[in-house]
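Coming up is one lone chain in structure tokens, specifically the form predicted alone.
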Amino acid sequence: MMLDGTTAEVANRSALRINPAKTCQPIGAMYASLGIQGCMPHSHGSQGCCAYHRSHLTRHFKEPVMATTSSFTEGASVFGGMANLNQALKNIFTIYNPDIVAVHTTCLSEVIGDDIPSIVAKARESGAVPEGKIVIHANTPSFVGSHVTGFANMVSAMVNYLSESTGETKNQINVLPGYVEPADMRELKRLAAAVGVDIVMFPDTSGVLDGPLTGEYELFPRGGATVEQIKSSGDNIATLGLGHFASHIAAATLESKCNVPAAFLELPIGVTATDRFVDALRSYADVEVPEAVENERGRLVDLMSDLHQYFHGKRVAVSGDPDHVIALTQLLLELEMKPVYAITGSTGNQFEKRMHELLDGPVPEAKIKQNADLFELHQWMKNEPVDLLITNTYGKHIARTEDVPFVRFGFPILDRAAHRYYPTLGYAGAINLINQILNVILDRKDRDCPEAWYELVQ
């Protein structure tokens, strides 16, 4: 077995990461770019970088991911990538004719020191960028940060380049959804509509990476936030930034640039966090929460009450994006489970600060760590086993080696297909997530219980 050689002895490591719990910035930037309608993501670096980022997203979403590259060679590596980007923009607008190109940098172009705004300005002067077309950019070097950082930087770029304030307030609320699935973005829009609130969501990958099969290939799917919608965000009454690491920078930038009040929320996973989201919508829009939404909440609470005996006291290890882990931990606590290990591969003191606020009381023995890797999490599990592991696909080897029930959650999920259709946000998303957790626990109970205790209904 692949990880049979992992030892229980934990040694302090300051530089080396084994089986990291993150991936690189450009992947997040590319994912965010796909949430703009008519947008071509562009990787300013080598072909290999772009191919890796596209394939990683394709394997997660099981959809073709369109992106272009500056195709760096040895010459660009020495003399800079200005000529490559200029030619790339000319080709992109001539061949594919997008409304907007979202450029993100890579390690190589960052080390060279390419000044993207200056290069784009010269490309526009030379006619490589046609009149009326838009180019935005984000700096996303892979040697710092994570895919969540890259996502946050590209969403901030959308605000910096596109958001405008005309002085006329629109009765809409901006929602920055965080690094979540297309189904989650669709669920947020459905929930807002159910409350009776008009929202502008960006980025929005619903309809882009979960689109229907119509028999006709569309280079630019009809989903996504339009440029006009993002421009209008500067006139809306408020912004809800979901997830500290993925959305708060953009929400704060929009507040500073266009004077749009920002509410900084965590991802609405579980009852309490979803209540905060719904209450923020209600409060800013000055509406009443309808009975249909209250009934949704009631069904979730009823389910949690009915199933309480299966979850109580179960020890859980959680790994993933910091926003995901923080929000998921709150749901686990609502189920009276014990998240004893919680790690993220991203950096940021907010993660450990918030996790200690959540766990120091109910689970004082919990181990919490940012900038961690799955290797160390595995070692913790060897020393004190858990009843359940929740993380992305890269946890499957640990789960198999330690014979632990496993729920796939977060990014990436490479070995399953339908996750992009099932939300985990909102009241309905929590029901989906609880269903997944319950099923693996009951399957294990059926497998392991003595013959005398094997029952049709556990």
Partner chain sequence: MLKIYPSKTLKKRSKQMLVNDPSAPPEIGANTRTVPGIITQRGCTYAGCRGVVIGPIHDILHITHGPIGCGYYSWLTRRNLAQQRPDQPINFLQYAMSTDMMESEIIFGGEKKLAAAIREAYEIFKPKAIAVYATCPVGLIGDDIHSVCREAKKELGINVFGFSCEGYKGVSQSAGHHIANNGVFKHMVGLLDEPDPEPFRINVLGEYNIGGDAWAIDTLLKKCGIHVTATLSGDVTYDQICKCHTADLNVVMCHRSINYMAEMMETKYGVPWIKVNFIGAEQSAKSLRKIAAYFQDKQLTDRVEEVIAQEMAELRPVIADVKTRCEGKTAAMFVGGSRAHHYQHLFKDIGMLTVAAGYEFAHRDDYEGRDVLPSIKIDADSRNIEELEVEADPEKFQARKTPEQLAALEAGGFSFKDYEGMMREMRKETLIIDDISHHEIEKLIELYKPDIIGSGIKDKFVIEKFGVPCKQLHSYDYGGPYAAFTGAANFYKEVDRMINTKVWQLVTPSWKKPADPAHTFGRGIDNPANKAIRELIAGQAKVKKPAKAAPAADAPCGE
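Small disclaimer: the values here were computed from a predicted structure and weren't measured. Numbering follows the first chain given and starts at 1.
Omitted from view is the form predicted in complex with the partner chain, to which the following refers.
Only one of 212, 132, 127, 167 comes within 4.5 Å of the partner chain in the model of the complex through a heavy atom, and that residue is 212. The contact residue chosen from 302, 74, 286, 228 relative to the partner chain in the model of the complex is 74, the criterion being a non-hydrogen atom within 4.5 angstroms. For the three residues 20, 62 and 95, a heavy atom within 4.5 Å of the partner chain turns up in the model of the complex in every case. Of the candidate stretches 216-224, 117-125, 262-270, 289-297, only 216-224 has residues with heavy atoms within 4.5 Å of the partner chain in the model of the complex.
Although the partner is absent here, residue 87 is a contact residue: one of its heavy atoms lies within 4.5 angstroms of the partner chain in the model of the complex. Of the heavy atoms in residue 54, some are within 4.5 Å of the partner chain in the model of the complex. Contact check for residue 412: a heavy atom falls within 4.5 Å of the partner chain in the model of the complex. With a 4.5 Å cutoff on heavy atoms, residue 374 counts as touching the partner chain in the model of the complex. Along 394-408, these residues reach a heavy atom to within 4.5 Å of the partner chain in the model of the complex: 394, 397.
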